[in-house]
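Just one chain is shown here, as structure tokens, and it is the form predicted alone.
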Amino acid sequence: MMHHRLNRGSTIILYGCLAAIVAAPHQNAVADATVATQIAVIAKVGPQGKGSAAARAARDDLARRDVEILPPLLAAMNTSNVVAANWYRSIYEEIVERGLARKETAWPIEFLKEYVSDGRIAGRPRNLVLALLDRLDPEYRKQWLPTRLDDPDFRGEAVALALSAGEQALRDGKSDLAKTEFRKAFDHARDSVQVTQAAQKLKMLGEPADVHSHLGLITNWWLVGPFDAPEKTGFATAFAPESKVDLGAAYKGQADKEIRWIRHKASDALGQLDLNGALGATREAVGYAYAEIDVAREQPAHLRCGADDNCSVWLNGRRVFAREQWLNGTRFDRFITPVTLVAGRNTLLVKVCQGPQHKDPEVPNNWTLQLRLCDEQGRGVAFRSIAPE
């Protein structure tokens, strides 16, 4: 039987290791508390340098630490405090740079993957983490992105992959697979360009795809105009339809001509109304568009619109949007206003101003409107256009 003896130095080392093992949970708790305290100090910074001296000291302390603090640091980065977020990001970048410079670093890989997959977290820190995962696991993005079709921050990239897969299936002569991929892209797309691209491919393959319904575009309108509004007075001038919509009424328009409400359906692929074509080319005028829709239940929605030259919108008799900007062009989703739709009948009245001719005679004097109702992510609200009462 062999006996092992410990000399005095070995005994001291052994006891030191045992003491470290016993003390480790306490030390970790202290370290965690210190990290949390320093993160909280940075969270208090504000504009005009408020709290920046304390934040600088906390930042410098945290930046000396290692990747084990990434979970609480990344959790703190999901903040609306832009100043604090910039401090946190500088810490993150220093820690990550040191970690990547070493051959062996104990990265919290599973946490990073859970973090980047959490759609409740802001897009900016998630993109930072995804870029890190690209370095740590180069195959991860390729496997992960196709699963993000409903992700508010990565939806566009996931839809682009589905569109690309559909194109490849077409080249391979696999029409059924192409239909599947293009349908997937169409159903999940919220960007107007991607929606239109997917719809065109589906229709080419004999599949239905209603862009107007998908995006919640209002296309069935009653129109009246032009009312005379010289020298950009139209925005501030309240014409008769603003006090009462009477679709049987006649009004005095430009040059004292009688004008009446007319039915009009937008034929544009993205529901844009051409008021020059519908009401007659003019300048320094005002036109009104009126619609009624039926929705199944009360619900929050986004009213998204754009007009040339500008517009005001009344929902159920209450003005919910007005912006006086001239010669600005109609751009998709230029203005976004949160609204609440009531169950059943909802009315929409839109006032669209037409300004003077542009100083450059080559610039067309457009008079246009585009309006849609959708959820926060851009999917159209389900509604039915109804005849006015």
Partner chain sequence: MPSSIPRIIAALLLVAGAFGSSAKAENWPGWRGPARTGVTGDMGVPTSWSATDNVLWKIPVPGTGTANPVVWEDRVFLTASDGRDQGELNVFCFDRDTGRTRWHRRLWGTAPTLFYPKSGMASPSPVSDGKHLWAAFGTGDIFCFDLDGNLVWQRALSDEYGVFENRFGAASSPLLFEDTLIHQCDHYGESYVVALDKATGANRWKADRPEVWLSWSSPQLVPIGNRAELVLTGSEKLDGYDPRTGKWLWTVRGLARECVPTPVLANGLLISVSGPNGTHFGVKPGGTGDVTTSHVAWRNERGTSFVPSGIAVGERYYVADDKGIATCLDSATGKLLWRKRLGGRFTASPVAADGRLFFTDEAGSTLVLDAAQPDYHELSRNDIGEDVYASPAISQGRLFLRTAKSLVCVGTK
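Positions refer to the first chain, counted from 1. As the structure is a computational prediction, the values presented were derived from the model and not from experiment.
The form predicted in complex with the partner chain exists for this protein as well; it is not shown, and the discussion that follows is about that form.
Report the stretch among 273-281, 253-261, 79-87, 215-223 that approaches the partner chain in the model of the complex to within 4.5 Å, counting heavy atoms only. Of the options given, it is 79-87.
In the model of the complex, which of the listed residues (R334, R65, R345, K44) lies with a heavy atom within 4.5 Å of the partner chain? Among R334, R65, R345, K44, a heavy atom within 4.5 Å of the partner chain in the model of the complex occurs only for R334.
Among the candidate residues D153, D268, D294, D137, which is the single one with a non-hydrogen atom no more than 4.5 Å from the partner chain in the model of the complex? Among D153, D268, D294, D137, a heavy atom within 4.5 Å of the partner chain in the model of the complex occurs only for D153.
Distance check, L128 to the partner chain in the model of the complex, heavy atom within 4.5 Å: Although the partner chain is absent here, L128 would touch it in the model of the complex, with heavy atoms inside 4.5 Å.
May I ask you to state whether R124 is within 4.5 Å of the partner chain in the model of the complex, using heavy atom distances? Result yes; R124 sits at the interface with the partner chain in the model of the complex.
With the cut-off set at 4.5 Å between non-hydrogen atoms, does G49 touch the partner chain in the model of the complex? Yes, contact at 4.5 Å.
E207 versus the partner chain, in the model of the complex: is there a non-hydrogen atom within 4.5 Å? E207: no contact with the partner chain in the model of the complex.
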